[in-house]
Ligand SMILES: C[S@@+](CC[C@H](N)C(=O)[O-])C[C@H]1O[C@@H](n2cnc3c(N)ncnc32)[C@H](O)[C@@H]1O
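Let's start with one chain on its own, the form predicted alone, as structure tokens.
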Amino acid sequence: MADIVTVTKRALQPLNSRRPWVDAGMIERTRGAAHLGAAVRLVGPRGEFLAWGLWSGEPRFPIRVISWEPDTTLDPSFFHAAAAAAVQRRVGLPLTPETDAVRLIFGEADGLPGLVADRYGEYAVLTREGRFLDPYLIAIASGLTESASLAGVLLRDDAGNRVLAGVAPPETLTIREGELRFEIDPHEGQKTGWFCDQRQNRLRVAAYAGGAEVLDVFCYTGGFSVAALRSGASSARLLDSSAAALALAQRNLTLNDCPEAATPERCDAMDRLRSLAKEGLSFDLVILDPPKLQPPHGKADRAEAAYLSLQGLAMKLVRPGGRLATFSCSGAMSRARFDGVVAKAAGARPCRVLERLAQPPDHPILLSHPKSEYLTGLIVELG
């Protein structure tokens, strides 16, 4: 029997609006064991059905909502079907450029909170927040394998990666984005091994790279630099703190026939931005794609100050008339706040927005869950 959770009156509106997280303060009383991953029947103050969820084990958001249909049974067959449905939603999407690296499951937007699945050719790699979906991971992997014709599904886990279906992917995989090829590490690389979410943005930024001297900050495995060089950039300097990422970046530069014009540097990005300015160097195009500086429940003021400092350092290296392509990958950093940070960093310097960039359609935004819109980008021209 499922646990029954009665929520407060103030929880009715968010739940009826399909908000997929339940705050601890929304819970009035609980009947049941309330253990990690347990099915939860959410009811209103009068006992009326609202939704089905799972106990997440998180103090602040202890329940993740899975379904608003009263006749739902949260069993392996439900999650198998949910994974298959997520794959079907990607069929026919106008992904630009054409690619074999696609996000198949995007958490709350696909009804599977906290879960991410990225396809790389014949394989899928999963990561998850929390362990409340663990009893259903095999069923989810089965749904992915059958619907996407995969050779294997790998779960990335701090406690040790494990194969959920089929066979493990090789140590490295080569994926394609249009005419570009990238080698990725599905076992040890950041996230699931690649940033599918920047696919279309790599193209848009590269469109400004013709003849440009490029600085690629937090370059990871070189996606933006490869795209820029193949679009005619005269040179690219790649900065990252990870030796493993830079080694893959060098291989990707070679794979795409553009290693000679690139200079990878292992360094602390903030320190190197300061030293480049002291050296009097400047660039036509600076690309700034930092890791998440603001965790979902972190201190907003402190994170905003970090973004502001970073933007300011990068802008000092942009020549007059040059461009800055800058990103935030934090769902807690709204587009309006990010615009404000960039404007403040520019100060009295003219700063014109040329393009607004976002996540691609295989990372859909759930309007009832604003944090699913997490990737914000701008291409600005600085006077």
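Worth saying up front: this structure is predicted, and the values here are computed from it rather than measured. Residue numbers here begin at 1 and follow the sequence given.
Another form, the form predicted in complex with this ligand, is not on view; read the next lines as being about it.
- Contact check for residue 110: no non-hydrogen atom falls within 4.5 Å of this ligand in the model of the complex.
- Using a 4.5 Å cutoff between non-hydrogen atoms, residue 312 does not count as a contact of this ligand in the model of the complex.
- Mapping the unseen interface onto this chain, residue 291 counts among the residues with a heavy atom inside 4.5 Å of this ligand in the model of the complex.
- By the criterion of a heavy atom within 4.5 Å, residue 80 is excluded from the residues contacting this ligand in the model of the complex.
- Residues of just one listed stretch (149-157, 86-94, 217-225, 99-107) have heavy atoms within 4.5 Å of this ligand in the model of the complex: 217-225.
- Among the residues 268, 260, 75, 134, the one placing a heavy atom within 4.5 Å of this ligand in the model of the complex is 268.
- Checked against this ligand in the model of the complex, the candidates 127, 200, 190, 231 yield a single residue with a heavy atom inside 4.5 Å, and that residue is 190.
- Interface residues of 227-247, taken as those with a heavy atom within 4.5 Å of this ligand in the model of the complex (partner not displayed): 240, 241, 242, in sequence order.
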